[in-house]
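Just one chain is shown here, as structure tokens, and it is the form predicted on its own.
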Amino acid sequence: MSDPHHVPARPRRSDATRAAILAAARERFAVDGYERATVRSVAAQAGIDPSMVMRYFGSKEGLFAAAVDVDLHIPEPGEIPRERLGEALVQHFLDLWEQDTVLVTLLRVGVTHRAGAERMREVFRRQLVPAAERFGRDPADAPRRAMLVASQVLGMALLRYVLRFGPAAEMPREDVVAWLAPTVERYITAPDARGVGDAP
């Protein structure tokens, strides 16, 4: 039975301040790029003193790393029917790009600045390579297969959500899935570069 006199704990002010800084940083990095975004502009947007940004994150580099901390939430093999692997992965990545503005920010910065590119590589290396190991045929070949999958999902994301290139941006989602899914599935499951043979 709940205590009628219990007062729920309020979020700590420090948590709210940190969240406000990160929200402002994501917008400034997305709009201004890494070079032009400054600690001062982030602080101004968050409505705080620049010293508070430094207090929480130490530097612009530390702020950027925290602002684009991304979890791809890649499903486990048991959560996806084997015959729908490519379709499910493409659907999953489209959901990520459409729902997570952090990923779009990271991609925008990644195509123009070394820090963004390295962060993008780290995210995909740390999360997509292990997924390729779990889904694929040969764990030793997982880095190459993950890179090939990334070429599809990152390429489409860049054209569809950042550059908004006409055909990519206007293509119905189901068509994007239909075109990309067989290629993504082949990259993960094909026994060799020619795709000879069937996956087990």
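Quick caveat, the model's predicted, so the values are computed rather than measured. Heads up, when I say rigid core I mean the largest set of C-alphas that superpose within 1.5 Å between the two forms. Residue positions are given as counts along the sequence shown, with the first one as 1.
Separately, the form predicted in complex with the DNA exists; it is not shown, and the next lines address it.
In the predicted complex, the DNA stays beyond 4.5 Å of every heavy atom belonging to A132. Under a 4.5 angstroms non-hydrogen atom cutoff, the DNA in the predicted complex lacks G166 among its neighbouring residues. The shortest heavy atom separation between T17 and the DNA in the predicted complex is within 4.5 Å. Interface membership of P172, defined by any non-hydrogen atom within 4.5 Å of the DNA in the predicted complex, is ruled out. Comment: 52-60 is the region of 65-73, 52-60, 150-158, 133-141 lying near the DNA in the predicted complex, near meaning a non-hydrogen atom within 4.5 Å. Looking at the DNA in the predicted complex, residues A37, R40 and G47 each place a heavy atom within 4.5 Å of it. For A168, the Cα coordinates differ by under 2 angstroms between this form and the one not shown after the core has been superposed.
Positional change of A132 between this form and the one not shown stays under 2 Å at the C-alpha, relative to the superposed core.
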